[in-house]
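Below you will find one chain, with nothing else, as C-alpha cells; this is the form predicted on its own, and questions on how it binds or moves follow later.
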Amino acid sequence: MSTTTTYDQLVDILVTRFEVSREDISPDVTFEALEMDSLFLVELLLVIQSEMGVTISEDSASPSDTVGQAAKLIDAATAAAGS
C-alpha cells in the first residue's frame, strides 16, 4: 500500500483541477513561476479546504511561495486541527 504525501495530493490538485503540467511542478517552483496569481491562490485554498478538509487563511499563502512551502502549510494546518 502506498502512502500519498500532502505534496503529492497538492500536485494532483494542480494537475487535475488547474491544468498545470506535472513536468512544470517541483517542490522549489513558485506559484508565480507557474503563472498563478493571488486570485488563483484563493481558488486553490478553497479546493484544498473542500478536498483535504483543511482551512488555510488567504494571508498565509502568496504567489511567491513554493509548492513545497504550500504542502508544509497544509501539513501544519492539519496537525493544528488534529490537536
Partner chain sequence: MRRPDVAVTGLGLVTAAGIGTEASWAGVCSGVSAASRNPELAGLPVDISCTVPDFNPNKLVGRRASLIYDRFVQMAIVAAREAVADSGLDPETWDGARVGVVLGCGMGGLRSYDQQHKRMNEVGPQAVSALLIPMMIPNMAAGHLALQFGATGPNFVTATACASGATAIGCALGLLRDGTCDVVITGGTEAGVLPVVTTGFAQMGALSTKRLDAPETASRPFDADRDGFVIGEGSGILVLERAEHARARGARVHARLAGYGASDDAHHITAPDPEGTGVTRALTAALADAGVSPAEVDHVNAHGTSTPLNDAAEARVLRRLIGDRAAVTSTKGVVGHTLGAAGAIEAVFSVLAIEHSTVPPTANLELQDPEIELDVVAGAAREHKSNVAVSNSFGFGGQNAVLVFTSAA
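The model shown is predicted, which means the values in this text are computed figures rather than measured ones. Numbering follows the first chain given and starts at 1.
Omitted here: the form predicted together with the partner chain. The next part is about that form.
Trainee: Hey, in the model of the complex, does residue 72 get a heavy atom within 4.5 angstroms of the partner chain?
Mentor: Residue 72: no contact with the partner chain in the model of the complex.
Trainee: Residue 28 versus the partner chain, in the model of the complex: is there a non-hydrogen atom within 4.5 Å?
Mentor: No, residue 28 stays farther than 4.5 Å from the partner chain in the model of the complex.
Trainee: Although the partner isn't part of this model, could you tell me whether residue 11 comes within 4.5 Å of the partner chain in the model of the complex, counting any heavy atom of the residue?
Mentor: No, residue 11 stays farther than 4.5 Å from the partner chain in the model of the complex.
Trainee: With the partner left out of view, is residue 36 within 4.5 angstroms of the partner chain in the model of the complex by any non-hydrogen atom?
Mentor: Residue-level check for residue 36: yes, a contact with the partner chain.
Trainee: If you apply a 4.5 angstroms heavy atom cut-off, which residues in 31-58 are near the partner chain in the model of the complex?
Mentor: Heavy-atom contacts within 4.5 Å come from 34, 35, 36, 39, 40, 42, 43, 46, 49.
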